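In structure tokens, the next block holds one chain alone, the form predicted on its own.
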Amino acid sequence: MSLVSFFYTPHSITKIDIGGRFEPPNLVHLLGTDEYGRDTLSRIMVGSQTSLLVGIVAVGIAFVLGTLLGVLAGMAGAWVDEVVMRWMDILYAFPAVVLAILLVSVIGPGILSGMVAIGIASTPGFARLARSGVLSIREEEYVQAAYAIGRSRWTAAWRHIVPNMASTVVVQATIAFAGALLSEAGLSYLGLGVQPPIPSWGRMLKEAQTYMGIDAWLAIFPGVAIALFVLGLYLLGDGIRQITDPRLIGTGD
């Protein structure tokens, strides 16, 4: 749907038709129209672009930053581990949405600040997972063999440890993607995320709240889109985990 919306939508997402406000689903407007007569299906299609963009950028920030910090903490140990992980614990103490709201309030509303805030809020999960993977894998015989032939600690980390924990971090990325989508929807709902006229599923829910008594479809369709997107991402993550985790291969779990 996102790919199609780049070059085709059934109607304009900004064209206002006061005479066609609050139309129920029909053959012309398959999902009806909103309070300005704009086509709901077209706005949901374009809104999916926003969700994908925010998810990709935010998870990318969290993936890179969290993995680097986790590997640093796991390999360096001692006081470096303590400092890095205590900072991650401080961030982890705040729910991701609350932390994102705090950061956006400081940086200012908008799609860019929303992506950065969600990325920072999602970093602790990646850092803790990467550190756990490093602590587990660094004791394996092939890593010890790398040390024995003269590999440095950091060379062994990037050539032997990081590739072997990559699948776990990728699964975490799909789960974090779903969380980023929900966070973006929450920020947009509060008016701190994507700003008009760019469509956003969260903002569509916020705008529909006022008109629930007149046209419930306005809230139902964006809500269903968010639910399906999040469910699909969780199923994708579970599927990747089953394919890549040797403990599950052939078990049917």
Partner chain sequence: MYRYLLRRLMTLALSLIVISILIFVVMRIIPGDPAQIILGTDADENSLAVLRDKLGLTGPIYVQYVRWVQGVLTGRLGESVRYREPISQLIVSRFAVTGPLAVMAMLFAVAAGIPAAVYSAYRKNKLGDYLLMMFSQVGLAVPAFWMGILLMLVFGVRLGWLPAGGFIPWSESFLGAVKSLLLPAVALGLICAASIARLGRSALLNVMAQDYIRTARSKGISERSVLYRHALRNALIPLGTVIGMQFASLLAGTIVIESVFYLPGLGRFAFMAIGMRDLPVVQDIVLFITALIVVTNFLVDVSYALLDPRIRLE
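Positions refer to the first chain, counted from 1. Everything numeric here is computed off the predicted structure, so don't read it as measured data.
As for the form predicted in complex with the partner chain, it is not shown, yet the points below apply to it.
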Closest heavy atom of residue 57 to the partner chain in the predicted complex, within 4.5 Å or not?
no
Considering non-hydrogen atoms and a 4.5 Å limit, does the partner chain approach residue 102 in the predicted complex?
yes
With the partner left out here, check for me: in the predicted complex, does some heavy atom of residue 45 sit within 4.5 Å of the partner chain?
no
Is residue 185 part of the interface with the partner chain in the predicted complex - any heavy atom within 4.5 Å?
yes
Name the single residue among 226, 194, 61, 69 that comes within 4.5 Å of the partner chain in the predicted complex, judging by heavy atoms.
226
Picking from 78, 145, 93, 112, the single residue whose non-hydrogen atoms come within 4.5 angstroms of the partner chain in the predicted complex is 93
The partner chain isn't shown here, but in the predicted complex, which of 159-167, 70-78, 146-154, 84-92 has heavy atoms within 4.5 Å of it?
84-92
Would you mind checking 219-243 for residues with a heavy atom within 4.5 Å of the partner chain in the predicted complex?
219, 220, 223, 224, 226, 227, 230, 231, 234, 235, 238
Distance change of 3 Å or more between the C-alpha atoms of residue 122 and residue 100 in the predicted complex: closer or farther compared with this structure?
farther
